[in-house]
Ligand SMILES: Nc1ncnc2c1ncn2[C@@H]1O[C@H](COP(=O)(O)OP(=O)(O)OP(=O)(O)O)[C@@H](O)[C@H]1O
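In structure tokens, one chain follows: the form predicted on its own.
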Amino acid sequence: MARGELMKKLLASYGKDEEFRAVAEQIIGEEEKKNNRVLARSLRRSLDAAPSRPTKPKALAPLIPFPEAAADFIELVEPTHNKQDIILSSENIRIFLDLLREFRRADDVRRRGLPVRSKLLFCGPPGCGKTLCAEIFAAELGMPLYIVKLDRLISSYLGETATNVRKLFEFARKQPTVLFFDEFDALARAREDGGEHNELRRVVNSLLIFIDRIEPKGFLVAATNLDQSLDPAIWRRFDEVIWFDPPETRMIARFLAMKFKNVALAFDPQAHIGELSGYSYAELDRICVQAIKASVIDKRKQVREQDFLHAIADERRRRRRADRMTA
């Protein structure tokens, strides 16, 4: 937007705290894009130091420093896994390695006036590694992982959900962290969906503005199992979209080898790979764990083929039931 138009909007929004800050953020963003970093930092400090004016009940809340502002809506997750615990496609491995290298050279990239990718969208069916990948990615970056608690974030009171989202984005802008939105479609559902009420449409509008203007200190990561339900305008707001598909045959083989690497076996699980096609990692994990538990319960030193086959049968039964419920 032309600078003159932004200045007009800034003056017109005087006295309306939220609108004023939104336009000021746009001006700062324009200066950053022009590589006027000194001016942008100075404007940012002035904006952050400015006192907030009282707002009307439906307006977004004034900025409140973390943890008071966002503590009710996020949970710190201590990493318990590392990169040896996940199986990714070769394409996704390349993408994440590139993201890590880009982040580590972020200052060099920005000095050339180029943007650093920091907003990621994970898409794919349940149980295919999106949440686990976010945890491991944060560990590789050396950053804390905060998971957004959507049940608390989405408020039944008019205007509060957008206020809560704003607090989270302000936290992400200031704190070097990986902020993870699971089940992102609950927030970013398509606005033309006839079943959605006006409040959620307003939340999506606010969300689009927040994602557009934020430059997080770390990474903003959103994950969804229902990418077809996302508002069409959401997609271009993310720097990278990463797809997590059910594992292929070779990935299933690697996963089985990983799960049974410290377990004594009386059979070769690789012989049953064909029976596991189409299963997610979460389903495969349940099968392996159940087979191992059967040997522990029976006080046997080895996992038998029958243990594995029974576990597969149980997972098939579970799948059939779940399919009926969702049909």
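One-based numbering along the sequence shown. None of these values were measured; they are calculated from a predicted model.
As for the form predicted together with the ligand, it is not shown, yet the points below apply to it.
Colleague: Give a yes/no on whether residue 225 approaches the ligand to within 4.5 Å in the predicted complex, heavy atoms considered.
Modeller: Contact with the ligand, yes.
Colleague: Should residue 147 be classed as touching the ligand in the predicted complex when contacts are defined as heavy atoms within 4.5 Å?
Modeller: No - in the predicted complex, heavy atoms of residue 147 and the ligand never come within 4.5 Å of each other.
Colleague: Are any of the heavy atoms in residue 275 no more than 4.5 Å from a heavy atom of the ligand in the predicted complex?
Modeller: Taking the distances in the predicted complex, the answer for residue 275 is no, it never comes within 4.5 Å of the ligand.
Colleague: I'd like to check something about residue 129: if you look in the predicted complex, is any of its heavy atoms closer than or equal to 4.5 Å to a heavy atom of the ligand?
Modeller: Within the cut-off, so yes.
Colleague: Heavy atom within 4.5 Å of the ligand in the predicted complex: which of 98, 151, 85, 75?
Modeller: For this set of options, the contacting one is 85.
Colleague: Among 282, 39, 294, 266, which has at least one heavy atom within 4.5 Å of the ligand in the predicted complex?
Modeller: Partner contact (heavy atom, 4.5 Å) among the options: 282.
Colleague: 125, 255 and 258 - do all three of these have some heavy atom no more than 4.5 Å from the ligand in the predicted complex?
Modeller: The answer is yes; 125, 255 and 258 each reach the ligand.
Colleague: So if I measure heavy atom distances to the ligand in the predicted complex, which of the stretches 171-179, 131-139, 202-210, 103-111 falls within 4.5 Å?
Modeller: One stretch meets the cut-off, namely 131-139.
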